[in-house]
Structures are given as structure tokens and as C-alpha cells.
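Take a look at this single chain in C-alpha cells; it is the form predicted alone.
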Amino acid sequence: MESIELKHLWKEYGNNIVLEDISISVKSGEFITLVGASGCGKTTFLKLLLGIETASRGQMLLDGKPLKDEPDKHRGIVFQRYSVFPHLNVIENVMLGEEFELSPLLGRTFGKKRREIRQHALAILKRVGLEDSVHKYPSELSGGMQQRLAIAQALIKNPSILLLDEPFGALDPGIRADMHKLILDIWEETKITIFMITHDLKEGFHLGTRLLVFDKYRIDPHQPNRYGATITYDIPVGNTDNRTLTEITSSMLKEE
């Protein structure tokens, strides 16, 4: 399990500054929830951690070594929209990650290796409650089941870091409650480090051990892109008074 350290991290697109001077240390096994107004750079931050975006300035360290600028087996990702392959059934969707790593051209393995991957996939599907749906296709699954499948895809490589980009935002409240229990069970069982974006402040406090609020603390109305967002609150869950909650809620609701 790896610890993560970000030092004076910036992300700019030309003259548009998205993230500004972010420094943070995260111990292995923490559950970090991220909140903030729409467009304040939360998803960009997650993309930097995943390796599909590169920082303009600063350092990203994993156990003291530079984090690779491309996705690898250490990091799994789940998006709000179900990132599943409609032409593959449930178990094929989950097996694909390991099969592509071993056979990049075909995306398929054979014989003993394929049986081993299948057994691994079955174990993960059982963990997420899809053991009875292995031969179904995504179109035959409910929204909650499709998101369970997306989580299984992310876990197949046994990542030490799981990145969740509003994974439950499109689900009904009852299904969200089930998914909350699932992700907490997985986190407690695996001791994985989780970063999760949410627009629901209550969800952020319920799931996380630590809540980060992203916001622009410097705004120039004449040059709205001159300054980027940073972490304005870094809160251990359980240590928040009502005044701080009010400030965070106002921050999330205001227009940038």
C-alpha cells in the first residue's frame, strides 16, 4: 500500500489556470472525499492522480517516487457513467483488464492462464454481488448493477488506489445506500486508498475519513481564469462544527 504526496501542484491549459499550488499528503488506506462547486477542478485533480493528465508544475510522489504519467495497475477508476463494454458479458468485462495486459494485441488469453483469470474475476464479482449475473450483458443490468460491474473492472488488477468520479450520482437514493455499503465494505476489507468526488456533502462526510473542499480563494472578475482552485478545507471527518459546514455549503453553491 502506497502513500501519496503532492507538492505545489499546478494544472494550466494555456492562460487558463485550473488548479493552483496544491500540496497534500495522503496515507495509505485513507478514504478521501472531494467536494466543491462545479467546474472547480475536482475531475482534473482525479485525472492527474490517474495519470491521464500531466501536471504543469509541482511533484506527485508515490512512496517518495514520482507517480507515473500514465495509468498503471496501481490505480483503478470508476466514472459516473458506466464504463462497461456492451458487447461483452459481465465476466468478460471483468476479465478484459488482465487479458489485455497479458495479450495486448488479441485482448484474450487461453488455457490455464484464462482459467486463472476467470477464477479471479469470479471472486471479484462475488465480492460486488454479481456472482449470479456472470453471463448477462450490460443492457440486462440495472443502473446499480452496472456500477457494481464498473467497480469490479477497477478491482481486477488489485490496485492500491481507487479513484471514483461521482460514481453514485446517477443512482436512485435506495440504490445509492446499497452502493455506499458496498464501497465501505470493499474499503474496509482491502485497506485500499480511495479518492471520491461527490456533489453530496452528506455523502462526503458519511463515506470519507477525510474531506477536501476545492475552491478558488482568489477571484479576478476581469480575468476569471487567472487564478485556479486549490484545497480550501482539509477536514478529518467527525471534527466539523456547524459554522464550518455552512461555509463549505456556501462555497459549493456559489457561482464561479
Partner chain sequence: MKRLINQYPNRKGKILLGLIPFILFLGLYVFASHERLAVNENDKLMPALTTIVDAVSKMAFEPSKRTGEYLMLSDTTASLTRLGIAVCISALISLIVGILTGIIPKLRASISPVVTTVSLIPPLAILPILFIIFGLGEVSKIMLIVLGITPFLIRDTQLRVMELPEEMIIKAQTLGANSWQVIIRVILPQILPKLIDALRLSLGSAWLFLIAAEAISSTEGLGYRIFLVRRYLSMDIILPYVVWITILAFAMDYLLRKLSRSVFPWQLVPKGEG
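Residue numbers count along the first chain shown, from 1. Everything numeric in this text was worked out from a predicted model, so none of it was measured.
Quick note: we don't show the form predicted in complex with the partner chain, though the next part is all about it.
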Practice problem: Sort through L67, L211, I194, L50 and report the residue having a heavy atom within 4.5 Å of the partner chain in the predicted bound form. | Solution: L50
Self-check item: the partner chain: the contacting residue among E140, E131, D185, D178 in the predicted bound form [heavy atom, 4.5 Å]
Solution: E140
Quiz prompt | G169: touches the partner chain in the predicted bound form, heavy atom cutoff 4.5 angstroms | solution = no
Exercise. Determine whether any heavy atom of H120 comes within 4.5 Å of a heavy atom of the partner chain in the predicted bound form, and answer yes or no.
Key: no
Quiz item: Is the gap between K113 and the partner chain in the predicted bound form 4.5 Å or less for some heavy atom pair?
Solution: no
Quiz item: Using 4.5 Å between non-hydrogen atoms, is G174 touching the partner chain in the predicted bound form?
Solution: no
